[in-house]
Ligand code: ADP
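The chain below stands alone, shown as structure tokens; this is the form predicted on its own.
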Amino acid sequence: MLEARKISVNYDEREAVTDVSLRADAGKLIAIIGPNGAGKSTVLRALNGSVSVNRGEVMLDERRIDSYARRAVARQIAVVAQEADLRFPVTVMEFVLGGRYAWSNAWGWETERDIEIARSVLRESALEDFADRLMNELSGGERQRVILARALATEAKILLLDEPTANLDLAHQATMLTLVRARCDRGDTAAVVVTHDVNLAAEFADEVMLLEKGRIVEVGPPREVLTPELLGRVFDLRVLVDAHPISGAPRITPVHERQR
């Protein structure tokens, strides 16, 4: 279980996040939405211990996250960032295997189990045919899929995903979030997903947190948060909210006024 208790994060004199609380229990997928600059990615970095909080605390299994060694955190929390730092030409298989480093033996070599897990995740992510391709030869969307596969290969029980569907087409957006949703539905994994796509949040999340200027505007089930009033006020945009004809989840459509 990962929990933020009234955390605030400052960048120099600017307070980027103020009094944000969040609890990610196994089986739950939480989506964080909000305008640019709302503090969404900062909350995610604080949850991983990558940035320090100025007030409040982040707890991992009832212990402050800053009391853990980074390797211990990496065994429990996997992060999908918006951009991967790819300084060296590595194959897709090598990159996904890198997600197993927190479990590596004293020699740092991968085991047969590591290779089995990496291959399984590549199959699950429809990336088997990419195993021998170099990461720096992939498109942005293909690379994003591999980055998520690497996170899944860690077998971490907490997934923190920052725009995991960026650069993906519609089919692969659904595939990737279905994989994350399936991990949560097994009951042993929690996921926190930052996204600009409110319809994906509505479809896949158990809980939605709406942020504005680093503060929580509302948090709760999608139907309670994704309302025309709240979305219209925070995004300064008129929206229509109805029910998806198949899933029944809220469906959000921007309403653009024609200029005359």
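Because the structure is predicted, anything quoted here is derived from the model rather than measured. From 1 onward, residues are counted along the sequence shown.
Although it is not shown, the form predicted together with this ligand is what the next lines describe.
Proximity to this ligand in the model of the complex (heavy atom, within 4.5 Å), stretch among 230-238, 29-37, 53-61, 199-207: So the stretch in question is 29-37.
Name the residue from A249, L22, I252, A16 that puts a heavy atom within 4.5 Å of this ligand in the model of the complex. Spelling it out, the residue with a heavy atom inside the cut-off is A16.
Is T42 close enough to this ligand in the model of the complex to count, meaning some heavy atom within 4.5 Å? Contact check for T42: yes, within 4.5 Å of this ligand in the model of the complex.
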